[in-house]
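One chain follows as structure tokens, the form predicted on its own.
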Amino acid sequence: MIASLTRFFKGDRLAIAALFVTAAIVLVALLAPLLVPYDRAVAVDTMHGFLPPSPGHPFGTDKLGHDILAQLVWGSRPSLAVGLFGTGLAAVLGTAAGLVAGFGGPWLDAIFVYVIDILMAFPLLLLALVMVAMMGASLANIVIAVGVSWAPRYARLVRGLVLELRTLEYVQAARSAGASTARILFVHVLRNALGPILVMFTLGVASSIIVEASLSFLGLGPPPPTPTWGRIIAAGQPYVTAAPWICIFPGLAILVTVLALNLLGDGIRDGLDPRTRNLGRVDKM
């Protein structure tokens, strides 16, 4: 397994390490009920508030006595849910729009470019914030807001890929052989565009996690008592000097997760790049 990963990532140890870190974070989120009881994450115990890190509470406690470690474990679930499902929704919507625009003719393409330019003029966080404020703060609404906010970026990427791929010889040969437009799009075009889409998906998950943490910090995340990394930081902000551990550990969780996903995305991009596919093999010769 390690040998296969080394070949795919061309010996990029940072990308391999990022893959294992990402897998570990996902496992923690999936196994949260087995690792830490939910009651420990939401239980209020003001008699043990503001406890510094100790063997009983490795990451300390907050004002209400919440165990920070337990909150981080359970807070990974909404963060990853928004990252994966929100980015997945964006990939589906954006890919579909990009395919239609790239193959839809000049008029449709011109309208598409106009609409995408307008949507991309708004910062991702601002657009998601407005949508969540209008729909209401909930995990499902955050997923929808992130998906719709990220979709224009996927649409723009896929449109560019379609415009490039549709002119290649194998696509023209398929068209000459009588292949339908749907078959050309899904078999000949989309299949060869999956690499860049996968890379953007990985990077999009990282950005979506930051958006979710920002919304939770502003009070627009999943409603309490659901633990979220952004809400933990918001709760610890007034006490950042007296009890810095409340903000430090969730901040590190976001940093490590986002950094690992970005490094993984860079590694996947290099691994799928045909120009460097045999780089590791050449170095050994």
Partner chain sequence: MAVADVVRSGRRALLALVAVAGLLLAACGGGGGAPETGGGASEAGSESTGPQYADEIRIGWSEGKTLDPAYFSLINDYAIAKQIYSGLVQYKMGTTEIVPDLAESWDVSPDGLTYTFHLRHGVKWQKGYGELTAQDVVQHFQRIMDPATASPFAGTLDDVASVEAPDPYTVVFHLKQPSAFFLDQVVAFREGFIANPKAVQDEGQDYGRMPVGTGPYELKEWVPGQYILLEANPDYYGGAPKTKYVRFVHIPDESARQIALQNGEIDVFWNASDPKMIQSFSNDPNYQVYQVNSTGIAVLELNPKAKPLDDVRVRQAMAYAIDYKAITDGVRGGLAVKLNTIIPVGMFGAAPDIQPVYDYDPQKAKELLREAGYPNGFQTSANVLNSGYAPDMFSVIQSNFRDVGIDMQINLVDSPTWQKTLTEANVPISVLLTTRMEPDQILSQFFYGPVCSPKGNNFPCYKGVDDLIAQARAELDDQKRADLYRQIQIKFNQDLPAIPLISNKNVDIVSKRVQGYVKGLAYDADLTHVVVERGR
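Residue numbers count along the first chain shown, from 1. Bear in mind the structure is a predicted one, so any value in this text is a computation, not a measurement.
A second form of this protein, the form predicted together with its partner chain, is not displayed here; the remarks below concern that form.
- Scanning A91, V189, V199, V132 against its partner chain in the predicted bound form with a 4.5 Å heavy atom cut-off leaves one residue, V199.
- Comment: its partner chain is not present in this chain, but in the predicted bound form one of A43, L35, L69, V26 has a heavy atom within 4.5 Å of it, namely A43.
- Picking from 181-189, 110-118, 159-167, 139-147 the stretch near its partner chain in the predicted bound form, with a 4.5 Å limit on heavy atoms, gives 159-167.
- Remark: H57 does not count among the residues lining its partner chain in the predicted bound form, judged by a heavy atom distance of 4.5 Å or less.
- Proximity of A242 to its partner chain in the predicted bound form: non-hydrogen atoms within 4.5 Å are present.
- In the predicted bound form, no heavy atom of P53 sits within 4.5 Å of its partner chain.
- Although the partner is absent here, D266 is a contact residue: one of its heavy atoms lies within 4.5 angstroms of its partner chain in the predicted bound form.
- Against its partner chain in the predicted bound form, the set L64, I210 and P224 is in full contact: each member has a heavy atom within 4.5 Å.
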